[in-house]
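A single chain, nothing else alongside it, follows as structure tokens in the form predicted on its own.
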Amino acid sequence: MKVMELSKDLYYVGVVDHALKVFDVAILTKYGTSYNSYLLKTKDGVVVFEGSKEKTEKEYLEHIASLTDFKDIKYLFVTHTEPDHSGAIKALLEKNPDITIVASQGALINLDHILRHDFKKHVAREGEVLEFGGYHFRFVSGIMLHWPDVMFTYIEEKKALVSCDAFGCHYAFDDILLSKLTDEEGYIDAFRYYYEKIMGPFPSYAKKAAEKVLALDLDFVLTGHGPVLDCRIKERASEYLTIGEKFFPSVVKGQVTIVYGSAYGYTRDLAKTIAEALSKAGKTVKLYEIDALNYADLKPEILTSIYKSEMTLLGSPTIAGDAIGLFYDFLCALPSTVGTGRKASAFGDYGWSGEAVPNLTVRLKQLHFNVLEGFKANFALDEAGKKAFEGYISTLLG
């Protein structure tokens, strides 16, 4: 990959990686990726935007050196400190330890832990404008896209937003610019997959970021991965709104999702009684009974229903000291923030010991649901059990 001039004095100095197949352990990168960095020449010195992954540092430094002497670099703007963007910063500072790193307070704390030595720093704060070399660099919060350290930089004179992970994707493209890309199908596939896996757990923050971008006068969005957006910027930003609604739809008032499995009918009886009581109370109940045969087909519908529901109820018997394994599969497919502002609970029947309900309760708490105390029964309900179950349903209705 050669260095590319994007506009007068503004250059792409990133590294394209066609060989990468897996990112962050669990994310497939069938189109490869890139670690995007940028360099701006000014009348008072050079500004670099973003580091790179540690294993790409040689190429990263070569690209920078082809444009400037390292001693002329005055600032390094760091949008986000995940090691695929910060890993090569140490090598850059070894070339010039006088570089001032500009980043959010959270990012600078992270860099203290990553670099483990002193460095010059400037705290970037939302709305602040840093003036240097005839340019105005305005800081725009990109918090939780997808880390809490993210701070975008808007280069006013270039009408360019340095956005790091936001609005990018894992897509290796040697011609860099979106306007030169012809594989529309592959790019859109990568863009949407990236949103789902990276930005999806934080849909409200992604929505805010999209709204901010749509309000800016932009010629470029300087992404951290994938093609640089030099066209169709509003289209890509608007897609953050439409994709977000598709993968993480708005909550439907009064909707409750009940997912249960039943070995001998006891947990099924509990689930149906709960569903009937909630329906009579005016709730819209989505009831799913899962087993080894139907689960794969039902999983997408179950996930969508949970995203839309005010409350999620999980019913499982205890089998070999735990809940049915199918529950953990779809619970692990949910983003860790899905339960924020929503209720959930677990119920189920057991024969020996009854671990299913407390184990599912733990997972629901990990997903940040407001978890109501669960209910478990030993085989058929006796009179005391029936009374306790009525109390449990009252709690769900409360």
Ligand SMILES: Cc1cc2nc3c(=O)[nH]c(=O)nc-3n(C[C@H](O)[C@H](O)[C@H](O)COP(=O)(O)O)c2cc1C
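In case it trips you up, residue 1 is the first one in the sequence shown, and so on. Because the structure is a prediction, the values reported are computed rather than measured.
The next section is about a form of this same protein that is not shown, the form predicted in complex with the named molecule.
- Contact between E50 and the named molecule in the predicted complex is not found at the 4.5 Å heavy atom cutoff.
- In the predicted complex, the named molecule sits beyond 4.5 Å of every heavy atom of G127.
- Put simply, G351 is close to the named molecule in the predicted complex: some heavy atom of it is within 4.5 Å.
- G134 falls outside the set of residues with a heavy atom inside 4.5 Å of the named molecule in the predicted complex.
- Only one of the listed residues (S262, N110, S86, T257) places a non-hydrogen atom within 4.5 angstroms of the named molecule in the predicted complex, and that residue is S262.
- Only one of the listed residues (Y266, F220, W147, F327) places a non-hydrogen atom within 4.5 angstroms of the named molecule in the predicted complex, and that residue is Y266.
- Here the chain stands alone, but in the predicted complex its contact with the named molecule, taken as any heavy atom within 4.5 Å, falls in 318 to 326 among 318 to 326, 196 to 204, 157 to 165, 179 to 187.
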